[in-house]
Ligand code: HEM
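Given as C-alpha cells, the chain that follows is alone and in the form predicted alone.
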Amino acid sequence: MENTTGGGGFLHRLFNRGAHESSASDVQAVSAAKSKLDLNDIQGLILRGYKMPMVRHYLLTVGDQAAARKVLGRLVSGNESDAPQITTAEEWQVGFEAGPGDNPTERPHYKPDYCLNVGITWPGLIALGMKDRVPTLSFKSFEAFTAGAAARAALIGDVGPSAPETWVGGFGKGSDHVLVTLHALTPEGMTSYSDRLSALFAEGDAFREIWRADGMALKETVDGKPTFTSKLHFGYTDGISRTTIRGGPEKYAPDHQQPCESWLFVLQEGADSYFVPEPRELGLNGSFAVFKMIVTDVVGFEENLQKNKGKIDPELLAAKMCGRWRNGVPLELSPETDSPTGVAPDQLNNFGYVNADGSGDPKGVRCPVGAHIRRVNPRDQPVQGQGEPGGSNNAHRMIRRGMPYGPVYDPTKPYDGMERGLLGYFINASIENQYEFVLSHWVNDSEFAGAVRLNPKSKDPIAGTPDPGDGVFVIPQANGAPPIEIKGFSSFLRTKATAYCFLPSITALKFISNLG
C-alpha cells in the first residue's frame, strides 16, 4: 500500500511553500523549530525503515500492573545485558543510506541484529494504571484511539468476514493491551531475543502473552540461491513509494511530492490539527499506529485477472488495478510496458497525476483514477480534502511498515490451503485524519476524486471492500474509446486483527515505569 494528502490551515500553507518563498527570518525559525526532531527520544519504527527480513509480533495483556510498568522501564534503561532495548530513530546506518542529519564518516562499528518497538492500546494504558495514577491524562484530540479499533471498524469497511467478532487472539476484546514488535536479521537472533523477551514478560506476572505471529520477506531464487525480495503475495514489488519527512533522518530519491511535515507522524507542539496528549512527558515525541493482520486472497486475485483476459491482458489488468506494473514501474511513466527505456530505478516514484494547469492525466487514461496507488496517495490529483490541481495531498499521508507472512504463492498449486497475508503498522499522528480518512473516503468511496465521476460501486480494486461479487473497476481508454469494465469481483483482502496503538517516546516509557 502506498501513502496519502493535504488540507488547509495557515501553518500548513506556510510550511508547504517552496524554499524560495520562505525568506523571512521568523518564518524560517518557526519552520525549523517544528521540524526539529529528537531522534534519541522517538521510536525508530516511526522514522526509519529497518530493512530486516523477519519480524515477530506479540500481543500481551497486563497481569500485575506494577510489574508491567517496571518491565517497560527495563526496555529503555540502556542496560542491554538486562533486557533488549527499544530501538530509537537515532543514527543507525546499517541497512540504509545516511540521511541528511547523519554523519556518513562516523558509521557504527557494530551491526545490530535486532530492532524492538512497543505500542500500547487505550485499554492497555488503563490496565497499566495510568488513569488512576495520572489525573491530568488526556487524549482529547484522539477519539479514535480511545474508542479502539473494534468500535471504529465499520467506518473503514471492516465488516462481514473482516468484522471485529472474527478477529483472532483477543484483538478488539479489551485484553489487547500491549503490542511488542521484534525485527531480526537472522533466525538465530530471532530465537535468542524472543526467548529473552518471553522470560522478561513473565517476571512477576507482568504480562501474559495471548497471541503472536511472524512475518518474513518472501524469497525467490537468484543465481541458484534463495534470496529475500521486497515483493508481496500479489506479486507486486513493495516499498517504492516512501514518505519524505521534513527534517527526518532518512533521505530518498527526489520526486514530485512535497516533503511531509514531521508533526504528521511525530506528536509535536504547534501541530495544525491536534493537541499533544497530556501530560506532556507522556505525549510528546510519541505517535499512533494501526496494527493490522490482513489475509490476502491470492487465488481470487489471480483468477480475476485470468477470467477477464478476453477484455485485457492479465498483466496489464494487474498494472491498471494497482497503478504500477508488478515490478514497480508506474503506469504514469510507462503505460504500455513494464520494461521502459530511459526510466532509472531511482525515478520510479518521480511522477505526478495532474499539473497546476489541469494537464497531465486528469481522466486516468495512463493510470486509472480508481487504481490502488492513486487512491491511497493521490499526489497532485484534486480529491476530497484537497481540491486544487497540482496541490499537495500531504495531510492524510501514512507510513506503512509491513511484512508478508505465509509461503510464496505457487501458481501451479493454487489450492494448497496455505494462508498468506500481510502484518504490520500504519503510522500517523492522527488515526482519524490519516488512516481512517484514507480508508473511508479514498479507498472505499466512489466520489473521492470530486470532478472525476467513477462508477457508484467503484472502490479500490485491491484494498477496497466491495460487497461480495459486486466489485466494479473501470479502465478509461485513449481517444474516446469506450472504457473497459471489470465487474463481479469480491474483496481480495480480509482483516484478521486490528489494534489502535500509541507508540510512546522513550521519555514516556520511563514516565510510565516511574509511576511505581
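From 1 onward, residues are counted along the sequence shown. These numbers were taken from a predicted model, which means no experiment stands behind them.
What comes next is about the form predicted in complex with the ligand, which does not appear here.
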property	result
Every residue of Arg56, Val71 and Arg208 near the ligand in the predicted complex, heavy atom within 4.5 Å	no
4.5 angstroms heavy atom contact with the ligand in the predicted complex for Met398	yes
4.5 Å heavy atom contact, Ile427 to the ligand in the predicted complex	no
Ser241, heavy atom within 4.5 angstroms of the ligand in the predicted complex	yes
Non-hydrogen atom contact Leu503 with the ligand in the predicted complex at 4.5 angstroms	no
Candidate from Val180, Ala184, Leu282, Ile373 lying within 4.5 Å of the ligand in the predicted complex - any heavy atom	Ile373
The ligand: the contacting residue among Thr296, Thr88, Ser392, Ser287 in the predicted complex [heavy atom, 4.5 Å]	Thr296
Answer range among 228 to 236, 145 to 153, 244 to 252, 172 to 180 for contact with the ligand, defined in the predicted complex as heavy atoms within 4.5 Å	228 to 236
Partner contacts in the predicted complex for 408 to 424 (non-hydrogen atom within 4.5 angstroms of the ligand)	Leu422
